[in-house]
Each structure stands twice: as structure tokens, then as C-alpha cells.
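Shown here is one chain on its own, the form predicted on its own, set out as C-alpha cells.
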């Protein structure tokens, strides 16, 4: 079965969720483009958008309309050629409207899982719950034709484990989009040892057609992205606990967050990133990794304690940030949670105490956004980290230790055969986490 025929009948599970909606959008656009190619005139492309919530599916269709319209406007010139034989389509507005209609006509929103049983390709983007994933795979596999290919967006659960428990016989592949899928360029591709070679080849072609940056990961719990992020987060938590003995918890969290964002030139400090992902989500991923990687001690009592208090982080439905380690006002950190008081200490008060302790960053320092846009980024970073290595401030010392640990984690992923190459680790952090530089570098030798 060739590429286009495999994409003729597709289902996305969890279609109305944050990840699923982006996957539906990208897949529907690809299917529509195939359907408009004269070579595929005889194929009928259908994408079942499956979700438990009919209300959420209504929101999905509104999202798709807006996003497809935007995509059509960007490629109006190309679409004019696609529809050149349509004499009824003259103005760009007419062509754009027709393309939107053609894409949306492919998508069939439904709450019925049975609609997925005749699909040739099923993409799963439900909650990160292995039992739920296995249940869904098994149900479709039992009722379907027996040759369906399954793609899972899991960010941590081993593919071979899901494949074996669902009895898929190698018809499962990990295709981990980063959030949000429609914007993020990175895709981790994770085959199990049993994954069919033709399925792996299809996934590579699919990701290429979507113009994604593809990084292969071996089938080890956490893969490359969370393999690094979770260990990096645990180091940040350990540093905060160490500093808390001298300065108190709120000051320690503020200091580590500032060092990781400012001194290390990252888009977010480590505690803000944990909040963005969600404390409960981080705990779950750590649990997946800890259970499957014995002796690594991938666990945080502090996370457990805060989650027990209802401090969860994550986002609201509109994408705004929920409070976690940090309190947020208009999207910006405004406080740090004090577990003893059950309240947030204001950032302004913490900054007044902690910034003098840390000392200023090197004189060459520029914020992450300016560095990302610097055409001479490599030269700038060389100079900046040269200054950082020579600085004697507490902030510089913490940053150097953090950078060395981040590099050690990255190298460990290669040693443990999670990543095939050092460049793959760097690409994941550069592309998936928007870092200004990869963790495996000479800055922290």
C-alpha cells in the first residue's frame, strides 16, 4: 500500500485535545493536498476526528476553520495553480474559500470509537495513560481489518510495551510531536525493535511532507526530549532544596529559576518550564521513567508534596498559565509558592533579596529573545560563556554547575543509547525546547 492510499482513511483519537487538534490540522492539510493531486482522483480521503466530548469537537472544527483559512491565505498562489481548471474560481477569495471547504470536508468529527475500525492509519493523542492507550489500540485492532497502522504521540511510554500489550504485531510507531504540533518543528520518531520497516519508512515520509525536523530516538522510556528535561528538572529541584537550607524555599526557587533563565540564556527558567508542562504531568513522566529504569531514582518528593496541596500548574482552556511553583499575572511570574505559608511570596520582594546574592550576569549578557535572533549567535555565545567561566559571582557558579550537569545528562543519553548521536540531543533541545544552544557543547568543559 503506497503513501497516499495509507492516508486515504485516517482516524485521530483525542482529536479535540491540545495535541490532537494540531495533529488533525496537519494531517487534514496533507490529505487534502493529496486529494487535489490528479494522480489520486480515485481515492476518497476521510479523517475521523474522534473524541469523547462533542462540545470539544465543535471547538475543534472552529479551530480548524481558522487555521486552514490562514494556511490557504499563505499559499494562495500555489492554490491558484491547483484549481486552474475550475472556471468558477476566479478571485483569490473564491479559491481560498474552496480550499477551506475541501479540507474541512475531509474531517468527520465523532464521539464513536467504532468509526476508527476501518481506518488504514490511526493516530493516538489521548492522555498519557498506558492502560487507556492499550485499551483503545486493542479495541480497534480486534474490530478492524488487522492491517491498520498505529501512531502514538506518547512522550515517554516505551513503544514496545504498548505494542506487546495491545497485540499489534509491530504495527505501532512512536511519532512524538512537540506542543503545539502546528507550530513546533520537531518530531521525535521512535520505532520499537518490532516495528515494521515499512511503517517506520512511512512515518519518516509523513514527517518530511509536514516539513518537520525529524530526530530518531531509541525506544527507552522518556526518549530524548523528556529524558533530558526530566533529569534537568530534577537537578533544578535538588539545587533548590540545597539552597533552601541557607536561604529558604521561596528564595531558592527564585534563584534557581533566574539562573536557568537569565544566566543560562533559556526561554524559561526551569520552574517556569515545569509549571508550563504541569507538575502532575512531570510526576507522571518521571513515574514512567522511574519504573522502567531501575536504579536511576527519578523521583521528587517536593513535586509529590506540592501536588498533594493542589499546586498543579498547566494551562487553562484559553492557553493561559495556571499557578504552580510560580504565580502568574498577565503571563509573567509574579510570585513563588511558600509551602509553609500556603501563599505566594511576591517576586519583587524576592528579587530585592536574591539578586544581590546572585550578582549580575556577565556584561555581555543579552536576553534569550535577542540571542535567538542574533545572526552571529555562535560568536556571541562563545564570548558570553567565556565571561561566565571567569566570573566569581554566586549566580555564575550556579550557572556553570547547572550547565555541566545539563551536558552530562545529554552525554548520558548517548551513552545509554537513547540518542544515536550527540547532535540529536542538541537538535531536540534547540528545536523542541527553543534553547539558544545545545547542552552538549564546550561552554561547560
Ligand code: CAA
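Numbering follows the first chain given and starts at 1. This structure is a prediction, so every number in the text was calculated from the model and none was measured. Take the two forms, find the largest set of C-alpha atoms that superpose within 1.5 Å, and that set is the rigid core.
Heads up, the form predicted in complex with acetoacetyl-coenzyme A (CAA) isn't pictured, but that's what we're talking about next.
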property: Residue 369, heavy atom within 4.5 angstroms of acetoacetyl-coenzyme A (CAA) in the predicted complex; result: yes
property: 4.5 angstroms heavy atom contact with acetoacetyl-coenzyme A (CAA) in the predicted complex for residue 343; result: no
property: Heavy atom of residue 417 within 4.5 Å of acetoacetyl-coenzyme A (CAA) in the predicted complex; result: no
property: Contact test in the predicted complex: residue 257 vs acetoacetyl-coenzyme A (CAA), heavy atoms, 4.5 Å; result: no
property: Position in contact with acetoacetyl-coenzyme A (CAA) when the complex is considered in the predicted complex, options 327, 212, 231, 176, heavy atoms within 4.5 Å; result: 176
property: Listed residue (106, 285, 298, 72) with a non-hydrogen atom within 4.5 angstroms of acetoacetyl-coenzyme A (CAA) in the predicted complex; result: 285
property: Residue stretch of 115-123, 334-342, 277-285, 212-220 approaching acetoacetyl-coenzyme A (CAA) in the predicted complex, non-hydrogen atom distance within 4.5 Å; result: 277-285
property: acetoacetyl-coenzyme A (CAA) in the predicted complex - contacting residues of 409-441, heavy atom within 4.5 Å; result: 432, 433, 434
property: CA of residue 181, rigid core aligned, shift of 2 Å or more between this form and the one not shown; result: yes
property: Residue shift check between this form and the one not shown, rigid core fit, residue 409 Cα at least 2 Å; result: no
property: Rigid-core frame, C-alpha of residue 17, shift of 2 angstroms or more between this form and the one not shown; result: yes
